[in-house]
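Encoded as structure tokens, the following chain is the form predicted on its own, with no partner shown.
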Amino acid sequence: MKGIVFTEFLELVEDKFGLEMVDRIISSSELASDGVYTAVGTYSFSEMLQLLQHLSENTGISIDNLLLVYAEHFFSVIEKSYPGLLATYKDPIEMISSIENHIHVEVRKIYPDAELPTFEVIEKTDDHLVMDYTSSRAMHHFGLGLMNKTFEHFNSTATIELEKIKEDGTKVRFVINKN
């Protein structure tokens, strides 16, 4: 998992819960990195999972809800760092449906060894999108948060339903209806 995901996560934890919480979740975890991350480094997903689990235990917030909030924070990082990428699109459905064939292609140019989920478009109209998300990491709520912020970015709203195809969350269907 790319280091930027860790550095931004810990920045969010510090902003929302304080530096003491960052120290607490790092010291509670068994991290090969010792909790020292660089944006361009690559780290084990198990480290993120431990950090999320310990943050959830310390705050009483579910991991899914933490991922949702984190994704909303991460979208602002994308807005600041890659404004040209967002400017390519005029509509949230268009942007979300291009995750696999454009956005992830661009991510791989910057981070060639990034391990990204796959998104398969099942059905698409101007106001409706059905996509299947597949990832061994089951971070579907991170995807959901990014989708929510995408609609907000375009001053639009949508109803986004998440249906688990596999109970462990490694395959999920997103059904998106633009309002």
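Throughout, we count residues from 1 along the sequence that is shown. None of these values were measured; they are calculated from a predicted model.
Keep in mind that the form predicted together with a small molecule is not shown, yet the notes after this line are about it.
At a distance of at most 4.5 angstroms from the small molecule in the model of the complex, none of the three residues Phe9, Leu12 and His73 contributes a non-hydrogen atom.
Using a 4.5 angstroms threshold between heavy atoms, Tyr133 counts as touching the small molecule in the model of the complex. The small molecule is not shown here, but in the model of the complex it comes within 4.5 Å of a heavy atom of Met147. Proximity of Glu123 to the small molecule in the model of the complex: non-hydrogen atoms within 4.5 Å are absent; the residue sits far from the partner. Although the partner is absent here, Phe154 is not a contact residue: none of its heavy atoms lies within 4.5 angstroms of the small molecule in the model of the complex. For the candidate set Glu57, Asp127, Glu115, Asp34, a heavy atom within 4.5 Å of the small molecule in the model of the complex is found for exactly one residue, namely Glu115.
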